[in-house]
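Next up: just one chain, as structure tokens, the form predicted on its own.
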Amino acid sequence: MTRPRAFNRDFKKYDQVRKAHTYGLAEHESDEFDEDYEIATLDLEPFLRGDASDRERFAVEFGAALQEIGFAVLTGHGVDPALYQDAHDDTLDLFESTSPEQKMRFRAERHGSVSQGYFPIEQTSEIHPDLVEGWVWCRRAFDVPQRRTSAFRVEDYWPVAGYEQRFRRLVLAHEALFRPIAQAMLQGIGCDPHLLDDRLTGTNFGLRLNYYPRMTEDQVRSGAGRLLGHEDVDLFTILPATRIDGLQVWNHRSGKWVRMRAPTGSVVINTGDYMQRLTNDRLPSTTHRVGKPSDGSHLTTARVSFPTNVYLWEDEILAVLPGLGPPRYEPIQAIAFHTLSTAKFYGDDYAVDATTKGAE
């Protein structure tokens, strides 16, 4: 059965930042691709270890890339490539060795701002089926320093305790990059680079594991997408380069999609709704999705990815940062902003106001 096309404009009431373009949520044969556009690949090492001029040079290039399309690829970030190889294999193992009954013990529900836990295939969103299983763990699911009112129990979050230990290495490696990446972003648009330092110390994050099983011919014909077109509701996302392509980025200047091809061991960075709001639209929250890979492997091979979404705690106030002109947005508490934005995926009753925040 062919599914009717769904468009982002059908859900405009949920947007909390300016999003003027129109796109189909799932990949469609009428979509156009910009095969000549190359998303910038930059070496982060000079910013991490260089002098003031090195840091300025990188920040200007990084800021320009993000203002252009909201995405950039970073090498020289210092994370051991073997960690990404292990995470790839562990993600496959988790989804393929855990029974459906075990997975459903951890069915996703909202904690604080973020829906955390397991998402069955075709149920990561209520607005249109997508062909991916997902699993989200926020800070509360890891044995790391954090806000906590009760003792950490690994069995509350993980089907097997060893997974927490293995994926903890990944989130700690990425957490070390939160402040440098944010500093470079802010410096690149002319702000004080340290404006978010305190708020990114021990902040919340979400590690999301995505498992895309092999597609059938019927699924290809149905019009379902692997992961729907969307914008991330966060400050920014750190996505290690995948072994199998499929990530597609919307180029708002050409009105076409760009296929992401990131080198092995690199990380893809994209800015989200929180950052667009804080930067007064200077850093856009860019639309992206996962479609069929260019090599046709969607019919034969499972694909995985493991992005880290960088959040602020739900009681933080999102207000336009100083030095970026007259604010286009009123201050808003993060939990209200986040849950209203993501109610389009989970239903209107997902949204909460600042006076009814849930415990993280």
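Numbering starts at 1 and follows the sequence shown. All values reported here derive from a predicted model rather than from experimental measurement.
Absent from the display: the form predicted together with a small molecule. The rest refers to it.
- Residue contact with the small molecule in the predicted complex: Asp232 places a heavy atom within 4.5 Å of it.
- Mapping the unseen interface onto this chain, His298 falls outside it, with no heavy atom inside 4.5 Å of the small molecule in the predicted complex.
- At least one heavy atom of His288 is located within 4.5 Å of the small molecule in the predicted complex.
- Residue contact with the small molecule in the predicted complex: Tyr212 places a heavy atom within 4.5 Å of it.
- Remark: all three candidate residues (Leu239, Arg303 and Pro307) come within 4.5 Å of the small molecule in the predicted complex, counting heavy atoms only.
- Checking Leu131, Leu247, Val267, Leu186 against the small molecule in the predicted complex, a heavy atom within 4.5 Å turns up for just one residue: Leu247.
- Note on the partner interface in the predicted complex: the residue among Arg179, Arg208, Arg259, Lys103 having a heavy atom within 4.5 angstroms of the small molecule is Arg208.
- Of the candidate stretches 186-194, 73-81, 239-247, 86-94, only 239-247 has residues whose heavy atoms lie within 4.5 Å of the small molecule in the predicted complex.
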